[in-house]
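For reference, the chain that follows is the form predicted alone, supplied as structure tokens.
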């Protein structure tokens, strides 16, 4: 009679592999959801679910309720991003948005391409334009000029402006791909410093709802916004996503990333 061999669990290699995998998983959870968030100055421990939502950039509660301890934390934005924001509007809304955009041409250009350090808006995702204008209107993002212009805009005005700029072609820009030389922070980020790769959210390879198209943006504008996030002067990023990323970046890294995306303008002209 054939004698059965020992069970696989009695195999020391399998047993230690399972134990090592479980240990590594526990350590990863502790580092990712406890230790790394705790070193941030604006971190408040609200449980595992709140930490997951914070990392994903979505609300941790719905229906107007707030987690314990969140009452004293300033709200970054009043805007809840929805997929309905990205739907293309009709030609009437685009035409009306073009008329409203005449007030924007001095800074953002006649066709949404800035000749200064203001951001390019041509081809920008509509939900991005909607969110930023709503934030200016509510005072969640600071700018004397933009706050003054946005405060008198209705919801329809904002939607029509977003439709118009989304309708314009992304002139002079080319999407970032892995087929080119990318700075390390753009390509893979810096996981040990809790820095996500830029390419994972800002278009080209992938686009996260609400993350702006930044290909071909003026370098001075990108540097100024990254520095504002790092200093906490700009705080309208949901769940502090950008502040958490930029806090660990050096001046040299901010300059390198900004220069890379600014060069994309000339790449699109070829």
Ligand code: HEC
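Quick caveat, the model's predicted, so the values are computed rather than measured. Residue numbers count along the first chain shown, from 1.
Quick note: we don't show the form predicted together with this ligand, though the next part is all about it.
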Does residue 145 reach this ligand in the model of the complex, with heavy atoms at most 4.5 Å apart? yes
So, residue 248 and this ligand: in the model of the complex, are they within 4.5 Å at any heavy atom pair? no
Can you tell me whether residue 137 touches this ligand? I mean in the model of the complex, with a 4.5 angstroms heavy atom cut-off. no
Spell out, yes or no, whether the shortest heavy atom distance between residue 129 and this ligand in the model of the complex is within 4.5 Å. yes
Which residue among 93, 149, 174, 113 has a heavy atom within 4.5 angstroms of this ligand in the model of the complex? 149
Position in contact with this ligand when the complex is considered in the model of the complex, options 76, 168, 107, 182, heavy atoms within 4.5 Å: 107
What residues, if any, in 208-225 have a non-hydrogen atom within 4.5 angstroms of this ligand in the model of the complex? 210, 211, 212, 214, 217, 221, 222, 225
